[in-house]
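Just the one chain here, the form predicted alone, laid out as structure tokens.
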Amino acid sequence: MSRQPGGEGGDIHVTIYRFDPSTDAAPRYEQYSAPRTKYMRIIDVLEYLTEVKGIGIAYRSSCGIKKCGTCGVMANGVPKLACYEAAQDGMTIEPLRNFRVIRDLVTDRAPYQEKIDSITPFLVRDSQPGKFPEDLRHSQMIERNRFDQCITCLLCVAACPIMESNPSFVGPAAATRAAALLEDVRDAGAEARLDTLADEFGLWRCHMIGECTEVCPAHAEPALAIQRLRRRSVKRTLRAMVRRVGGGHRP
């Protein structure tokens, strides 16, 4: 439900990317205006245009409180959550970069889902817990919790310059999920995940530019996640080398 106009005065003017591949030969940009309201966000503009003005702009939205991660858009060229980013006069709103456009601001998340599925994105147990709740200390789970802040908004993927040139790269969102599981003392699936991430489109494609962490609204630190996975991968390789030569110092 859109907020009622009033409280601020004047209008906010925005330019919105429009494209329906089923009917349009090419994308276009259209200009719209909405009454300015106090604390107005991008989502308020979109809701006003669709619900009050009846303009058929396609976009995603759900929670409205920066938790579900579905409302990502490009705002003046920067990945943002529409429910959280302040609306500004003269703003250009576009679909997230590095994704196929389904219609207008809605993008195809299927390629991300394929990447996340490839790293087994759930806890792998080698035995059933002896009791519930399990006896876990905060110190054992704090690092997992850091990466578990990810809300799968995919802003990090839209910000990643490597994804633009190498779309097969596993990407920061899937890597963040893998790192969360890597830091979980209960998980027994690390070796298989590291095997998956060690291929030519895995961890080593990242150039550590850090734009993924810069845009992350949940402070899940995807660049740090990739660093942790790389460190674990290197240690695993060194241990294998030591075993092959028959002993020596264990890294």
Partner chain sequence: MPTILETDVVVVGGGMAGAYAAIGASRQGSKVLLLSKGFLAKSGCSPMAAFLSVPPYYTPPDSEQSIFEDGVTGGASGIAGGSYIFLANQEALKDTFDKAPQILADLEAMGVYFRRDEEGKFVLLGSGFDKDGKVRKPRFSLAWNFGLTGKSIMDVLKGEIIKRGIPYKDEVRVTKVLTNGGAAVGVTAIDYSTGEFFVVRAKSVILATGSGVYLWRYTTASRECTGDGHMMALRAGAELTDIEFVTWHFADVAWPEAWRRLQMYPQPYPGSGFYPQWYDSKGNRFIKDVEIGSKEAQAMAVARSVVGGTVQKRGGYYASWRHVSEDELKEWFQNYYHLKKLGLDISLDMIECGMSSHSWHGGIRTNGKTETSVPGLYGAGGVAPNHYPRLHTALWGGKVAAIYASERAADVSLQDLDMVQVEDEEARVTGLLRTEPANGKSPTQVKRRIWDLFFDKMWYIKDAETMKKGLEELRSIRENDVPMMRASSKSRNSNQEWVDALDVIDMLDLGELLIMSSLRREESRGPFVRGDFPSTDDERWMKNLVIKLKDGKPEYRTEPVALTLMRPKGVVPS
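Residue numbers count along the first chain shown, from 1. Here the structure is a predicted model, which is why all the values come from computation and not from measurement.
From this point on, the text means the form predicted together with the partner chain, which you will not see here.
Engineer: Taking the partner as it appears in the predicted complex, which of 31-39, 221-229, 204-212, 190-198 has residues with heavy atoms within 4.5 Å of the partner chain?
Structural biologist: The contacting stretch here is 31-39.
Engineer: Just checking whether residue 56 would be counted as a contact of the partner chain in the predicted complex - the rule being heavy atoms within 4.5 angstroms.
Structural biologist: Contact with the partner chain, yes.
Engineer: So in the predicted complex, does residue 89 come within 4.5 Å of the partner chain, heavy atom to heavy atom?
Structural biologist: Taking the distances in the predicted complex, the answer for residue 89 is no, it never comes within 4.5 Å of the partner chain.
Engineer: Report yes if any heavy atom of residue 150 sits within 4.5 Å of a heavy atom of the partner chain in the predicted complex; otherwise report no.
Structural biologist: Yes.
Engineer: In the predicted complex, does residue 121 have a heavy atom within 4.5 Å of the partner chain?
Structural biologist: The answer is yes: residue 121 has a heavy atom within 4.5 Å of the partner chain.
Engineer: Would all three of 76, 115 and 242 be in contact with the partner chain in the predicted complex, where contact means some heavy atom lies within 4.5 Å?
Structural biologist: Negative, none of the three is within 4.5 Å.
Engineer: Which residues from 102-138 come close to the partner chain in the predicted complex, meaning a heavy atom within 4.5 Å?
Structural biologist: Result: 102, 103, 106, 109, 113, 117, 121, 122, 123, 125, 128, 129, 132, 133, 134, 136, 137, 138.
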